[in-house]
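Coming up is one lone chain in structure tokens, specifically the form predicted alone.
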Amino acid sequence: MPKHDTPMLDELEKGPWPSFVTDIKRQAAQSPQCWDILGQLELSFKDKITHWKHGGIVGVFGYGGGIVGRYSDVPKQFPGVAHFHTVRLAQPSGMYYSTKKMRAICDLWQKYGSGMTNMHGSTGDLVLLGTTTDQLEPMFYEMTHDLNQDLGGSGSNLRTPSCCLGMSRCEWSCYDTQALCHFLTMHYQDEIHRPAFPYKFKFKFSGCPNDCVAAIARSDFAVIGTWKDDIRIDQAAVKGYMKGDFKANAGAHSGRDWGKFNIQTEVVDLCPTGCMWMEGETLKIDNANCTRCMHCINVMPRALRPGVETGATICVGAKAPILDGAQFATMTIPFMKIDAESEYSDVVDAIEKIWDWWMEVGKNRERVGETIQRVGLPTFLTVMGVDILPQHIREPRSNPYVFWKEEEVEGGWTRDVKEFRKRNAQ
């Protein structure tokens, strides 16, 4: 396939950072269709519109998700991308790969596709970019039989669950993110591969409130590790930081001299709830008002640690801008024990309560967070069996009327009201 003139794309190679344009040009030496990717993208820059058609029904037999159809709307001009489908592969928990597995996946994609990959998509999947419809079935057969690898999710289904490294590498992890992620991935295979929801639904698992997979901003069901008891304090280490024996922020200064560490200005004054103070050289914490922001622990990791009664907070309803704009997840269950011995029954029960309600009241292409926004948070919390907390309230009450549910009112009074309304209606 011929090369295309790409003056605008070429500008992207001139900056100080590595460029995807350079990567695609290098790949085009082995996969000539990549030249047409660059040509079509240059045309999109020129016309200020995308030249991909919207979606398209394509997949592998028996699966409703995992393959994202891509078709060019200028196929005669760029025949190499007339159809250029994306394949999503389910990533291992924590995204741990052996070099052998990575080489096998890349060899497979060089054989059946363009050779271009995305490590990883924002959903989490390992993304293989660009193949033709006739290559999908042979690629899928070899992938599943020889590589023991499965497709991830796409469409109105459960997307591939994603988690942080958890206890495998992080000392702050309050539960085993990889174990829970793997369990739910296997438990909900039908929901991943056969779309049955109003729209997509994402699980993401972070082991601590640092939330390294941004679960609270990107997932419909965020499981964020936390603790129920007090932050553990090593007062001797606190003094060590104050004396300069230890570098704050785990020594991550990037070679810059930030001056002498000041615990008052760098920790105490930055506590969002003001729950910390110094009494001489002793650090005090009012744990009842701690919101688990992790700042103090991140700054002084030798001195402070999460508590020992660990579990997770469940937040529901985050999404990117689809209908009503971006929104963070809402804290729904403040604390839940993450119990592997019970096969995570509490987590599964919460998930299925949400799904049963959402699939009944959710509209087409409406994320669960948008359903909650439309129907109302009080209704959702009632469905979940959660008592409403002050933290759930966005603003003070502005409506002077109080509305009672029928079951909250004595039967006789309710009958009288119904009879009164009936007479007035006549």
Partner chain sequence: MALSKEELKAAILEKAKTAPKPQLYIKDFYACDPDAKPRDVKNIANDLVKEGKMMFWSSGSTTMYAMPDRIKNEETRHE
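From a predicted model like this one, the values you see are computed outputs, not experimental measurements. Residue numbers count along the first chain shown, from 1.
Omitted here: the form predicted in complex with its partner chain. The next part is about that form.
Within 4.5 Å of any heavy atom of its partner chain in the predicted complex lies no heavy atom of Lys239. Among residues of the shown chain, Ser154 is one whose heavy atoms approach its partner chain to within 4.5 Å in the predicted complex. None of the heavy atoms of Asn399 is located within 4.5 Å of its partner chain in the predicted complex. Using a 4.5 angstroms threshold between heavy atoms, Tyr199 counts as touching its partner chain in the predicted complex. Looking at 224-232, 285-293, 141-149, 199-207, the stretch with residues near its partner chain in the predicted complex, meaning non-hydrogen atoms within 4.5 angstroms, turns out to be 199-207.
Checked against its partner chain in the predicted complex, the candidates Leu43, Val68, Val386, Val375 yield a single residue with a heavy atom inside 4.5 Å, and that residue is Val68.
A single residue from the set Glu266, Asp346, Glu191, Asp176 has any heavy atom within 4.5 angstroms of its partner chain in the predicted complex; that residue is Glu191.
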